[in-house]
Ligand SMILES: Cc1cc2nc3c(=O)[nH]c(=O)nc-3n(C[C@H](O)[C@H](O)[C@H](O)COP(=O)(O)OP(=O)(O)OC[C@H]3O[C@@H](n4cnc5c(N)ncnc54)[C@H](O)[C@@H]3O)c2cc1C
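We begin with a single chain expressed as structure tokens, specifically the form predicted alone.
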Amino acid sequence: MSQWSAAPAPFARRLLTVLGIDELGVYRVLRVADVETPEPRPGQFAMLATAERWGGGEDERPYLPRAFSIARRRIGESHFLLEDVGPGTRRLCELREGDGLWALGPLGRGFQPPRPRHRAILVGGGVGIAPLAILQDALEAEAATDVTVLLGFRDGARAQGAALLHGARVATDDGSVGHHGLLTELLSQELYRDSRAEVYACGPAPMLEAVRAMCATRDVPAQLALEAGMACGFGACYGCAVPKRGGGYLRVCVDGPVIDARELDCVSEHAGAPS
């Protein structure tokens, strides 16, 4: 399988038009008309801000743009997975057809395809399932890799987000859907069944750390899509820096968000998607 390539993003944001928002339990899939964007590599992200009412407080002080993984590409469209976890995401969830959205991207480093004859195991937790949807699309388009999808959620309302992908095994903390227990328990079963696997993961920091440690113990390659608070998306502010194995730091926005697990001693608490 050849390396996936992606054109660099223009250093200017684009004003896009919202086509609609679809409900997936507590999640929302934001669909926008996006004809001129360079085709993203699975795992890349965009910085989003609404064209109107993007601010809070009495003086409507503007929010910083929010970083979101590109969840899917369709002809002329980009899709993003949202969860209302604060004022910025709440405003994005309020968007309706015809509204304007500022977008900057695609940004960052995405996933690399697995080696020939290796199985791809996609492991996603909560809203962190987003970049795995476009990754599943890319892997299945090339039809050269066996793909297994494992998704974990807090409860049944969030487990409805599993519909973003297909053929997934699901784990829930409360046992309301699928396996009652940790997502990493499903991953352990899969790695025991087949050692010729490569893991692709995105989710809360504790989940990513458990995946990293498990793969390190079993000498299984793993690529982790990290999330961290960002102000710029271009590596200038260092607000998303995470410690690197052997010393120094990696900037999630430019050295990631997808990082080889071997580059990390651990996944720090602020480098994971909300659960």
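Just so you know, these numbers come straight off a predicted model, no measurement behind them. The first residue of the sequence shown is number 1, and the count goes up from there.
There is also a form predicted together with the ligand; it is not shown, and the following applies to it.
Peer 1: Residue-level question: is V127 within 4.5 Å of the ligand in the predicted bound form, judged on heavy atoms?
Peer 2: Answer yes; at least one heavy atom of V127 falls within 4.5 Å of the ligand in the predicted bound form.
Peer 1: In the predicted bound form, does L208 have a heavy atom within 4.5 Å of the ligand?
Peer 2: It does not: once the ligand is placed as it appears in the predicted bound form, L208 has no heavy atom within 4.5 Å of it.
Peer 1: Does L224 reach the ligand in the predicted bound form, with heavy atoms at most 4.5 Å apart?
Peer 2: Although the ligand is absent here, L224 would stay clear of it in the predicted bound form, with no heavy atoms inside 4.5 Å.
Peer 1: Is R53 close to the ligand in the predicted bound form, meaning a heavy atom pair under 4.5 Å apart or at it?
Peer 2: Result no; R53 lies far from the ligand in the predicted bound form.
Peer 1: For the chain shown here without its partner, which stretch in 145 to 153, 189 to 197, 176 to 184, 67 to 75 has non-hydrogen atoms within 4.5 angstroms of the ligand in the predicted bound form?
Peer 2: The contacting stretch is 67 to 75.
Peer 1: Please pick, from P116, G98, G86, G167, the one residue with any non-hydrogen atom lying within 4.5 angstroms of the ligand in the predicted bound form.
Peer 2: By the 4.5 Å criterion, the partner-contacting residue is G86.
Peer 1: Can you pick out, from V26, C215, A228, L30, the residue that has a heavy atom within 4.5 Å of the ligand in the predicted bound form?
Peer 2: In short, A228.
Peer 1: Looking at the ligand in the predicted bound form, which residues in 106 to 124 have at least one heavy atom within 4.5 Å of it?
Peer 2: Counting only heavy atoms within 4.5 Å of the ligand in the predicted bound form, no residue of 106 to 124 makes contact.
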